[in-house]
Every structure is written in structure tokens, then in C-alpha cells.
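Given next, in C-alpha cells, is a single chain: the form predicted alone.
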């Protein structure tokens, strides 16, 4: 399947796509900013139902003074029995800016959820997903997949300019829409005790609240990597033209 020449490709997007794109993009930037701040307060990830500073971490990040600070008194058992949880007093002034970070994260999350639902509903009913995102049967060949990978590596991507997406673009957008974003939303809800009190199946689905936090982190990191690659491809394929296509350019400009 030959690529359409660059000068023959329509470079506009529907108005509703632009609205959802920019609201979602702005909210995601606030989520990354506030999420990183929250991680600085407790730079540890765990697997299972529980996790705290006195438990072994699944993964720990050297991103704040809270990293392996060791400012604790001697460990003491909470209960007088074997394998009792341990407690200790803190002797170290940790970095703690959880209040505003969580509030901003929660607020930005709702903007992402509602813009995402707005996009998904219109994308289904307008045929955007069916016509522009789901790969056609004749695209799913090894030859075209290899060619698409080579074109991405060389940034030789004429079809980046508009809704005529390439194969890897279609697959990546579908993964973002139907896997990464729902995972981020559901794991975020699973970290809320109020939500899991009424919907305990979420804890089972994500193997516990701390496991949900870990999955949430990796899903968000995958989205951030997608964003970096996405921006790089926009720059390589014509930043000005791409920005016009996603802002002020419309169908009338093509006539």
C-alpha cells in the first residue's frame, strides 16, 4: 500500500477532535506534574494490598530527600505475636507536600476523564474509530509493518499530517484509548478507600491497593513515553503544519 504524497493529504481534524485533544493534553501535563510530586513524597512502589516506609519496596526512586532516608527509631512490633507488623517513630524531617499535589491530581484527572469520554462517544458515533483508527485487513501484512517501522525510524512519515494515520499510529492510538487510559482511571479509583469500600472487586482486579498504585505508575509512564514519541514525530514531520492542523486549520482551508 503506497503512502499518499505529502502535498495531497488533507491536514485538518474535526473540531471535536481538537477540543478533546487539547483538554486531554493540558490535563495530562497537570497529572504528570502533580503525580511526580506525589511520588516524591513517597518514592516507593509495592506489590499487594499494603505498603509503607518500613516494608520492603518493589521499586524505589531517588527523586527526593525521602529516598532511603533511614530516619527511624528502633522497630517495635505492634502486636505481641509472631510476624506482627512493625512500627517506629520518625526522626527525619521528610518532604511532605501531599495536600496540594493530591488535590491538583484529582482535579486534573476529572478533566482527562470527561474529555476522554467526550472523545470516545463522538469517535464511535461519527465512525472516526472505525474509519481512521482500526487497521484495514490489507494493512496487516509483515511487509507493511516492517516498512512502517523503518519509516518511523527515518521519520519519513507523510501520513502523519491528518486523520490518514499509518499502521503503527493506529495501533498506538488504540492502545492508548482502550488500554492505557482505562487502566489509569481504574487503578486511580482503586487507590481510593471510599471507592473500594463500595466496589471491592477493584482490589481483586488489580491485586490490591498498592499493586494498583504500581500499575498506575507504569501505565502513566507508558503514556508519557507515547507523548514524547508523539511530539518528536510532530516535529520531524512539520511542526508548524501539524500545529495548524490541530488548531485553526479546517475543512474550508482545503477548498
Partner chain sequence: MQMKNKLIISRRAAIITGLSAAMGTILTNSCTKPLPPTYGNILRMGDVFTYEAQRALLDVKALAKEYNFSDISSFPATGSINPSDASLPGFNVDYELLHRNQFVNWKLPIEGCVARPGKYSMDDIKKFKSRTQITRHTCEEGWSAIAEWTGTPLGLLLHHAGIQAKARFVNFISYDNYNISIDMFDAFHPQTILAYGMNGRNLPIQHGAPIRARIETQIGGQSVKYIKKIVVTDHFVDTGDNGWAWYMGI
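Since we're looking at a predicted model, the values are computed, not measured. Residue numbers count along the first chain shown, from 1.
Unshown form predicted in complex with the partner chain; subsequent notes refer to it.
- For the options 227, 205, 63, 41, the one in contact with the partner chain in the predicted bound form, meaning a heavy atom within 4.5 Å, is 41.
- Within this chain, residue 137 is remote from the site of the partner chain in the predicted bound form, having no heavy atom within 4.5 Å.
- Taking the partner from elsewhere, residue 27 is found to have every heavy atom lying beyond 4.5 Å of the partner chain in the predicted bound form.
- With a 4.5 Å cutoff on heavy atoms, residue 82 does not count as touching the partner chain in the predicted bound form; it lies far away.
- At least one heavy atom of residue 121 is located within 4.5 Å of the partner chain in the predicted bound form.
- Residues are counted as partner-facing when one of their heavy atoms sits within 4.5 Å of the partner chain in the predicted bound form; in 199-220 these are 199, 203, 209, 210, 213, in sequence order.
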